[in-house]
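The chain that follows stands alone, in the form predicted on its own, written as structure tokens.
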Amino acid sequence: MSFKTILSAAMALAIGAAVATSAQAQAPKASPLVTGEWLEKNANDPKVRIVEVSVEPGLFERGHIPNAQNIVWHTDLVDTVRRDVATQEKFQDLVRKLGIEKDSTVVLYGDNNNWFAAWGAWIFKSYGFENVKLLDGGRKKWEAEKRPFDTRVASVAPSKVTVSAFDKKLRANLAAVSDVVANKSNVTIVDIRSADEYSGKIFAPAGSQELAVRAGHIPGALNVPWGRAVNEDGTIKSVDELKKLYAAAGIDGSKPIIVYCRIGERSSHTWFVLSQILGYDVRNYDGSWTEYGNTVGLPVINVAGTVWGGK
């Protein structure tokens, strides 16, 4: 074999490897996000399970992404008696009904820039499902791009998947947060609520039913409202933009992070951004302000000085 032939073969292999690497980088498995274009092309793939998790009741029934199935967050993903996430048994029943296997690509989406879709992703990840994605831009961008909606409920064969025990490494509890406040743990706490909630000017967004009797924030918590990570069209900002956004607030992933909001749903969005996109070590404190702010004896910071029942 001549040197020229060997050289040509080597170049061909190198080009092939580069192309493969590029394709792998662009494949959905390499990213926690999928585009509307990808999802529309792959909606009929039996290995892809599309799930809507929206805040507004009835939205799914009025029209959803073809082949999507519905999860009602306040009944399907929680224990309705205890204040807790759905039990292992309950969640297993749910994913079996949805026809989800351990090797399925689960694509979640919803309204409000994927608030509760991100909550669903946190639950799925905590129960051991690795290939979990968000539709970048959620319902908002799908509709803006004039992609199809359907009112028919997808028919799928139930699975026999076995769900793993809940991974406590992705969840923070009140004790863990209290340790940070008491300087017993070197962890960054990030409050992702609005500036008015953080300062104590308001107790919660208008219309919220779950409340704490104290306003303000956890001592030492940094405030980066969750919506700052999202573009106008509902998509999540680029990695570079996200790193700059959080670094400006003193969050660079150099130490573990705990995120919280009011009941844990908005914070799951920031959990997704920081952990799944930036790769930081992050736990979601789903007890959040309604637990911490209602707990007797724990200190809070209330810059606005708002008092429950005051005028």
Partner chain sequence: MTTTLQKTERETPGASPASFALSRFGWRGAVSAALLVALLFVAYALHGAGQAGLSLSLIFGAAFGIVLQRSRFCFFCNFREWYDDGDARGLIGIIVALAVGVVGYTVVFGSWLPDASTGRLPPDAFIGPVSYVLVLAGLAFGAGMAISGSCVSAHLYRLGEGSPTSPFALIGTVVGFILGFLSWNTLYLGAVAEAPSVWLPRWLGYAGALLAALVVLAAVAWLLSLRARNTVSSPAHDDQWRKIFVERWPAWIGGAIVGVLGTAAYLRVGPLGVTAEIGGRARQAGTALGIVPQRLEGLDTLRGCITVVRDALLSNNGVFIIALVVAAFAAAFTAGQFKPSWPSGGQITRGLTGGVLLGWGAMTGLGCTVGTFLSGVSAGALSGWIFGAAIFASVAATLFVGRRVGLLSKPTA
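Residue numbers count along the first chain shown, from 1. Predicted model only: the values in this text are computed from it and were never measured.
What comes next is about the form predicted in complex with the partner chain, which is not displayed.
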Within 4.5 Å of the partner chain in the predicted bound form by heavy atoms, the stretch out of 74 to 82, 217 to 225, 110 to 118, 156 to 164 is 74 to 82
Original post:
Would residue 209 show up as a contact with the partner chain in the predicted bound form if we use heavy atoms at 4.5 Å?
Top reply: yes
Using a 4.5 Å heavy atom cut-off, state whether residue 151 contacts the partner chain in the predicted bound form. yes
- Message: Is residue 61 part of the interface with the partner chain in the predicted bound form - any heavy atom within 4.5 Å?
- Response: yes
